[in-house]
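In the block that follows, a single chain appears as structure tokens, in the form predicted on its own.
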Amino acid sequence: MDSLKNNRKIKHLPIVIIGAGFGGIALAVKLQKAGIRDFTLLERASEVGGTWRDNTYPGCACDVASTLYSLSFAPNPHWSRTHGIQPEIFEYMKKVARDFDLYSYVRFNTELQKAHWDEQNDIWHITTNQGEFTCDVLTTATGPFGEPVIPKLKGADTFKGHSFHTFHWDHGYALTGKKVAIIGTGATSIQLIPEIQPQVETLKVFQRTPSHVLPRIDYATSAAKRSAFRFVPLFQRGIRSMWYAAYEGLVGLPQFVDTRFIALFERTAKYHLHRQIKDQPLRDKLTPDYRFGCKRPVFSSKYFPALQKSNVDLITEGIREIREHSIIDTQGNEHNVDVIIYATGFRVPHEIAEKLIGHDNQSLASLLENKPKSYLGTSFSGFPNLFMMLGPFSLAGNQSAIFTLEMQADYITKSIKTMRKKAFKNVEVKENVMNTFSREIEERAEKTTWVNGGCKSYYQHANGGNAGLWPNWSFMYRWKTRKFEENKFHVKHNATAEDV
């Protein structure tokens, strides 16, 4: 590996950011504002946008209010609705990238295949589909929802109709007049079903577990309000602050203060179900048997009405097998279908962990194999000069992911500034610091419904503990990431190695 520094075929990029979604964009802008411009974003696709570029299924929208689900340094006065829809969010992200000249920093169609730490040269060696690179500091901003999961169902490979995952929505295939099956009833499916129900001949909805569904408070933004956002920026910031306080308080109270507050949400969801579903057998199928918050709650005022249309069947029996033109449930009933749509979620954690190789040839995936661990959701012992955005124990379960990403972008920028100011060649979080932080997070999460709500979900790891959410107020995470504390890291200087 000694030849890496002198190998002119391998281009050295001082700072590399993997991914040009919200996380990569936020970090790039923060670095710019700090006067750091020698960074490069590697993006596997041909455009920025991340999950909001890739998810284009009908009805795709955000559950967080637009004024909060946006970057604080780039307010958008033109949101058409209270909650942003996918095309608008995608256009917003492209506009931010243009406004801050980020396109000149992005290498598109460049997918990470492997990154390993070169201990001799104190650099990351990156292999991509577009060649090899080295860098001093590597940050992953790929997010947790980039790898769709399709369950292994008996006979799926024999199906002669059309099938696809919602993440890979086939816009060239017309659903009009088709017999459609949707597998899964999570957040994606609940947005999708009301949109396609009027088009299809029949819609078979295969449900494994019902969701707690809350009414969706969404309405068009008036021209007067958009004008106020545009000409009085303080007004929009005030609305943003109100939404922040609402999410922080209304969701934080039951999760972090007293789980008895959860009963309020459960009663609201139950009232919503009873108000919209009058048929008792159908209502029973849609009633969760676990506590609110154990699975991701969803918001819709259209889902329950769609399920009651004459061309829709909700099937709660499991799937026994798939045949050439049908699905057989566990009761032996055959359901003829032309197309199968998998709304079955994503692999969590993302496969990026398998591609990151640190000290002693250890992959990050092997470090996280038994249960999640990190320091601040950004750093890992054994992986110098590596930062991760939305890593384990960073995403607040009660707040906008964009808020977390901005805090992490601030923290990573401060870390890089400190490294350069003090001539640190590399920094690596101490193992005891990482383990102490992870243990405290795990203990704090033990009483949350994420862990003890009576269900299984991606909120839990294989052994049942917290899979990676931040079990505290988001402003406490801001406090934790307010500065780079070098005493918690092994630090190697440019000249000699020493622990600080």
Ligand code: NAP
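Since this is a predicted model, take the numbers as computed values, not measurements. Counting begins at 1, following the sequence as shown.
Here the subject shifts to the form predicted together with this ligand, a form of this protein not shown in this document.
**Student:** Using heavy atoms only and a 4.5 Å cut-off, determine which of Lys204, Lys295, Lys355, Lys373 is in contact with this ligand in the predicted bound form.
**Tutor:** If I apply the 4.5 Å criterion carefully, the residue I get is Lys295.
**Student:** Of these, Phe100, Tyr244, Phe424, Phe145, which has a heavy atom no more than 4.5 Å from this ligand in the predicted bound form?
**Tutor:** Contact residue from the list: Phe145.
**Student:** Report the stretch among 444-452, 36-44, 460-468, 60-68 that approaches this ligand in the predicted bound form to within 4.5 Å, counting heavy atoms only.
**Tutor:** Stretch 60-68 is the one.
**Student:** Any of the heavy atoms of Gly397 lying within 4.5 Å of this ligand in the predicted bound form?
**Tutor:** Close contact is absent here: in the predicted bound form, Gly397 is far from this ligand, nothing within 4.5 Å, heavy atoms only.
**Student:** Give a yes/no on whether Arg260 approaches this ligand to within 4.5 Å in the predicted bound form, heavy atoms considered.
**Tutor:** Outside the cut-off, so no.
**Student:** Could you confirm whether Thr344 comes within 4.5 Å of this ligand in the predicted bound form, counting heavy atoms only?
**Tutor:** The answer is yes: Thr344 has a heavy atom within 4.5 Å of this ligand.
**Student:** Though only this chain appears here, would Thr185 touch this ligand in the predicted bound form if you measure heavy atom gaps against 4.5 Å?
**Tutor:** Thr185: yes, in contact with this ligand in the predicted bound form.
**Student:** Relative to this ligand in the predicted bound form, which residues of 118-153 have a heavy atom no more than 4.5 Å away?
**Tutor:** Contacts from 118-153: Phe145, Pro151, Leu153.
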